[in-house]
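Below, in structure tokens: the form predicted alone, a single chain.
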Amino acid sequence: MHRTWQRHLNKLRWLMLSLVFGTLILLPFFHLYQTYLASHSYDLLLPKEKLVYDSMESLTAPFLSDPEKQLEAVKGTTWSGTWFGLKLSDPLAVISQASAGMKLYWPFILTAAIPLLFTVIFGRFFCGWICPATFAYELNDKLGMWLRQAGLPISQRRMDRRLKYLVLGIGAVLSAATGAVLFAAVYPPAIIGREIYYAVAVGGFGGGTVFFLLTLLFDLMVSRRGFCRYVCPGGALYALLGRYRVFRIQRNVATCNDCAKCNVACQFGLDPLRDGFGQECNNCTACIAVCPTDALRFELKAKDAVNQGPGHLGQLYRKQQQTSEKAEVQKI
């Protein structure tokens, strides 16, 4: 029965992604509300500023007695922020800062300890369950599917996955050479949090918005989920850190019918049908959700299974069995 409930994990994942994205939208509004409270000048606010004030007051009043101070409990982005007193940072942010400053700042390094631990256990889960860019990229993938169905030429070119590891290495070297945190300029989770803040608090967008839109076009016109698969430095880092993860999606060959729906659902171009998960898998559970025979499930394993061959409920396996039985009869 445990396999049945796992089919619904993808819905939970989408809820998580929606909450993260929604939180990133709310945070700059909270910051503006705090500023207005501190200024004690409600009567001097512009009509749109009063709208923000009134909306945030209605939203926070049932939960907070002193929003000016209590809203400090949540601030920042998925790149680096404070969540109810706990400081958390993306491991790539730590590497970026260490490379740019050419020294280790341990208080900041410790803020990545919990994300690192979760990555060791769950692998590239940040990419599939938390990354705010994933929310947009998966919607963009749906758009690509509709465009393909409409007959438009949407490319699904395959590239060398090692390219993103090269981007990670070059980015660290250039950060050290320039003293600048360069990854923040090309890393979608950092870009989205920053650009949403600019849009809400400042009233405009930065250059990061243009870059992110280009990554969406890259995914549509060049390769399905191409930026995450081939370019993203964060994806490279999480794949390396989660190579020996404990929680892995595995195939039960006895209940597999070789329908290949799992391969179609996998936006990262992996091969669940033949046990081809590897370190690139972000445990998104899309393959589990579409499997009609519940042949895919999470298991506690340090390594993926080798190719177990065709599913026992599929035609190829039955043909192999019939051929084997005939060969045995002939021997007799």
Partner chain sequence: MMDRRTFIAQFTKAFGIMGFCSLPFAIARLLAPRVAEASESRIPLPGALADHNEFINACIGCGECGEVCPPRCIRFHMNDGGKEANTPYIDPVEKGCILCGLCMQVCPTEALTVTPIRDIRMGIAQIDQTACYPWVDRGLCGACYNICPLGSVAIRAEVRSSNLTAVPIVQSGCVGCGLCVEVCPEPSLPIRIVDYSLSTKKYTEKNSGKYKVESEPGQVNSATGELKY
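Positions refer to the first chain, counted from 1. As the structure is a prediction and not an experimental result, all values here were calculated from the model.
One more form of this protein should be noted, the form predicted in complex with its partner chain, which is absent from this view; the next part is about it.
Note on the interface: of 240-248, 114-122, 135-143, 70-78, the segment with non-hydrogen atoms within 4.5 angstroms of its partner chain in the predicted bound form is 70-78. Note on the partner interface in the predicted bound form: the residue among 130, 253, 216, 186 having a heavy atom within 4.5 angstroms of its partner chain is 186. The shortest heavy atom separation between residue 203 and its partner chain in the predicted bound form is within 4.5 Å. The closest non-hydrogen atom of residue 220 lies beyond 4.5 Å of its partner chain in the predicted bound form.
Using a 4.5 Å cutoff between non-hydrogen atoms, residue 32 counts as a contact of its partner chain in the predicted bound form.
Contact check for residue 152: every heavy atom lies farther than 4.5 Å from its partner chain in the predicted bound form.
Against its partner chain in the predicted bound form, the set 101, 108 and 211 is in full contact: each member has a heavy atom within 4.5 Å.
Interface residues of 153-188, taken as those with a heavy atom within 4.5 Å of its partner chain in the predicted bound form (partner not displayed): 159, 163, 166, 167, 170, 171, 174, 178, 179, 180, 181, 182, 183, 184, 185, 186, in sequence order.
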